[in-house]
Ligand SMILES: C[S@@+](CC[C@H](N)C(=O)[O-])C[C@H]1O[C@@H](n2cnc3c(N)ncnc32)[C@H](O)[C@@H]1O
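In the form predicted on its own, a lone chain appears below as structure tokens.
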């Protein structure tokens, strides 16, 4: 919707803080909140307002008048060409993690009504070469890349500095026909690689012979001393660094609840068994809706009971400890009801969206669970993507 005639095309604003989606938050002269693409907390910037609503506006930075101490020149040349894969590459790694902690604390304060919630930084992966898997867009010539920010335009990539070298080396030559997207993944520990085009009649060409193609393709990665099978169609973390860090933090956050278990771990939304395997528990009930992930889990954690089901439809059974890693939308009311019905006194929730974490915190509170602390991880440096591990007890 175009801005009103009374709204100036440009304005000078002070960015107060960062929003969950990665924009800066400022206020216009009339008091409305404006979401500033490209702005960093603490900066004075000149912006161009492109969307104006009654209660808020959206704008893009035209000029940085007073830069943040965390502002840097994006080192990747693809950013200048419009690649939207790294929306925060113009900021230091230290600034990015600090803002992510602030965003989580703000969401818990505003949505979960937890003004005193303990939110701590838990570190992150190295800022370059950390991604071993990427879902890429395909342009009209069959080249792969990432979409420009706020656009469907594909910026073809010759290489990518956040991709693992073995993955980056595939980007320039691969060609995909008959599909709009393709997933490429490499195994750091195994040297294997997979490719999966997202289209029924897709054709993938010009990949090295060692790359397995199609939904039946698998590779292996080592995490926490365990070799894990990862199918091309299954979810995996951004790379083994991220998976190692996440398992270590979940183990730490579980604490005495993990060492004192008398029954099985409930691994909700368990995927291929990252936590069931990585935490080294003798018994686990893993509930997962993805067929390919369940197949991986049966290989990776042969001692676990793997249940292929939507978690919300799973019939709860008594457990002492729940580790849940839902998708971006979070648990939601139905899944929280299932978690509560297990009788578990401790729930460790892995969230990839601060707002859904806050909503789930409020839902868990209604069942008597107390928020005991959130640890914020940066598993996707140079992006506003946030991973949070939170412990709840009752």
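Just so it is clear, the model here is predicted, and its values are computed rather than measured. Numbering follows the first chain given and starts at 1.
Here the subject shifts to the form predicted together with this ligand, a form of this protein not shown in this document.
Here is the short version: of 312, 102, 252, 139, the single residue with a heavy atom within 4.5 Å of this ligand in the predicted bound form is 312.
Site annotation in the predicted bound form: the residue of 327, 33, 62, 65 reaching within 4.5 Å of this ligand with a heavy atom is 327.
Shown alone here, residue 130 lies farther than 4.5 Å from this ligand in the predicted bound form, counting heavy atoms only. Using a 4.5 angstroms limit between non-hydrogen atoms, residue 289 touches this ligand in the predicted bound form. At a distance threshold of 4.5 angstroms between non-hydrogen atoms, residue 274 is in contact with this ligand in the predicted bound form. Contact check for residue 237: a non-hydrogen atom falls within 4.5 Å of this ligand in the predicted bound form. Contact with this ligand in the predicted bound form, judged as any non-hydrogen atom within 4.5 angstroms, is confined among 192-200, 89-97, 262-270, 165-173 to 262-270.
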